[in-house]
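As a starting point, one isolated chain is supplied in structure tokens, in the form predicted alone.
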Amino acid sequence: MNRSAESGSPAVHAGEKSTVRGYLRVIRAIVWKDLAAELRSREMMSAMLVFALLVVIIFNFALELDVRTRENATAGVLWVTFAFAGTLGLNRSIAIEKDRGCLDGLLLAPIDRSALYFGKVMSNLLFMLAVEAVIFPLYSVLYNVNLFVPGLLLVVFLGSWGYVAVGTLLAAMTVQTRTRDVLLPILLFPVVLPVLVPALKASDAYLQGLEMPAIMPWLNLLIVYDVIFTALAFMGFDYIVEE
């Protein structure tokens, strides 16, 4: 009996490892496909970057006369920029798949739909982080504000994750409609408000140099919302793409 158990155990573990490796391989393949397509076309990143740069520059001129207001508005300007630039990316991310017929091919492939969801989330997150990596130094120079604070970088990552986790699901939901460009922001912003508010408050607290007891409630709220929204999107993605 012991020999049987001993002989069966490695096979079970090998099967589990193989399944996990296969799942991760699908996610990696989808991310790589999106990155390669974007490197060839540069459609989505160009639109996101141009939009984000214009927003930062316009706010710079609009708030130039009031230095104090400009410092206090840093967190708000950053998250407005990231949210609207991210919406452009989310819209194009799924729309390109549909227009080129790739979405039908992905749905017909014998892969777990949740792997497709996480692959799209990861690629959207990478695009959004790339835009933020360009905006951070530019904003620091134009507004004379040091944004390279470790806590602020963590908040930006958590906020971006929550944003793309919900946005990818809603983009998949609206991609079949003719008014997807208008419908996605209308559906997205009310839903991601619980992510954007704690992200904005935590960012502002880090920039103001507040102590951790004042920051932790917003940070905890952001983490909880990220977990809940990711779980809900994970469970609903299969049903939405089927419909």
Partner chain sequence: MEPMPKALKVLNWLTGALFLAALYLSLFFAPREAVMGDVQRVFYFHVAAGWVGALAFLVAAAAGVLLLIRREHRWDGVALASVEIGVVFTFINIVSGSIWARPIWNTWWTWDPRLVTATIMELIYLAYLLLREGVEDPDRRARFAAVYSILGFLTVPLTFLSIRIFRTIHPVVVGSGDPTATGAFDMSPRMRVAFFFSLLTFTFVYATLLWHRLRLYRLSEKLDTLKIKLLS
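Positions refer to the first chain, counted from 1. Since this is a predicted model, take the numbers as computed values, not measurements.
The following text describes the form predicted together with the partner chain, which does not appear among the structures shown.
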Contact check in the predicted complex: Ala85, Val164 and Asp181 versus the partner chain, with a cutoff of 4.5 Å between any heavy atoms. Do all three pass?
no
One stretch from 53 to 61, 202 to 210, 32 to 40, 172 to 180 that, in the predicted complex, holds residues within 4.5 Å of the partner chain by heavy atom
172 to 180
So in the predicted complex, does any heavy atom of Leu196 sit within 4.5 Å of the partner chain?
no
Would Leu49 count as touching the partner chain in the predicted complex under a 4.5 Å heavy atom rule?
no
Does at least one non-hydrogen atom of Ile223 fall within 4.5 angstroms of the partner chain in the predicted complex?
no
Touches the partner chain in the predicted complex: Met45 (any heavy atom, 4.5 Å)
no
Across 114 to 153, which residues bring a heavy atom to within 4.5 Å of the partner chain in the predicted complex?
none
